[in-house]
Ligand code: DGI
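Quick setup: one chain, the form predicted alone, written in structure tokens, and binding and motion questions come after.
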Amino acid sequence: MERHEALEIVKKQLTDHRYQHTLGVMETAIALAKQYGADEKKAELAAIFHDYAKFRPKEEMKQIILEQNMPNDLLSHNTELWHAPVGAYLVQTEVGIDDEDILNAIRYHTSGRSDMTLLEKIIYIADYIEPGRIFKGVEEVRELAKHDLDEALIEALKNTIQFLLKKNQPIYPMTIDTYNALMMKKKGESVSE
């Protein structure tokens, strides 16, 4: 699928503001893919479609989570997490993209997961650091992303976890698993399944 076709499809699903965010994620993902040797076309498509389900009604997303046997613990955590796995499902069923690398990059762009692929890391970080993002800690993650994707991911996860703790919000277990896996890798240990 060509870029212009993908952007036309996704533009209908997003607000103008979110579409601008998507363009920023796309450019950032392509740059990171070039830098780290990932497939640029897959990075482009995953970035374009990462928020495909962002504005779907909560009830529709809940139904898809239940009907598709997605992890039920999603339903007991912040609804902001839902658009990622639901988006992967809808991109496959509505758009017809069935490349697992692309779908997984969409699926895990909010929660992360242990043993993330390079493409998954790129989409997670691109979503976090795209030029339109302005919040405390984003500059540090942008700097880290220039040199070490794992370090950038660790810092982004720490920021997210601290933000949720300050808001007295529960932290999705896969986010904790992602952080732990990266820290274990950094220390040269493996995470037991």
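Residue indices: 1-based, along the sequence shown. Here the structure is a predicted model, which means the values were calculated and not measured.
Keep in mind that the form predicted together with the ligand is not shown, yet the notes after this line are about it.
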* Could you tell me if residue 56 has a non-hydrogen atom within 4.5 Å of the ligand in the predicted complex? -> no
* Just to confirm, residue 159 within 4.5 Å of the ligand in the predicted complex by heavy atoms? -> no
* Partner proximity in the predicted complex: residue 81 to the ligand, non-hydrogen atom cutoff 4.5 Å -> yes
* To do: With heavy atoms only and a cut-off of 4.5 Å, decide whether residue 133 touches the ligand in the predicted complex.
  => yes
* Kindly indicate whether 21, 170 and 175 are, all three, within 4.5 angstroms of the ligand in the predicted complex, using heavy atoms. => yes
* Asked: So which of 64, 149, 31, 164 reaches within 4.5 angstroms of the ligand in the predicted complex, heavy atom to heavy atom?
  -> 164
* Asked: In terms of non-hydrogen atoms within 4.5 angstroms, which of the given stretches 113 to 121, 81 to 89, 94 to 102, 67 to 75 touches the ligand in the predicted complex?
  -> 81 to 89
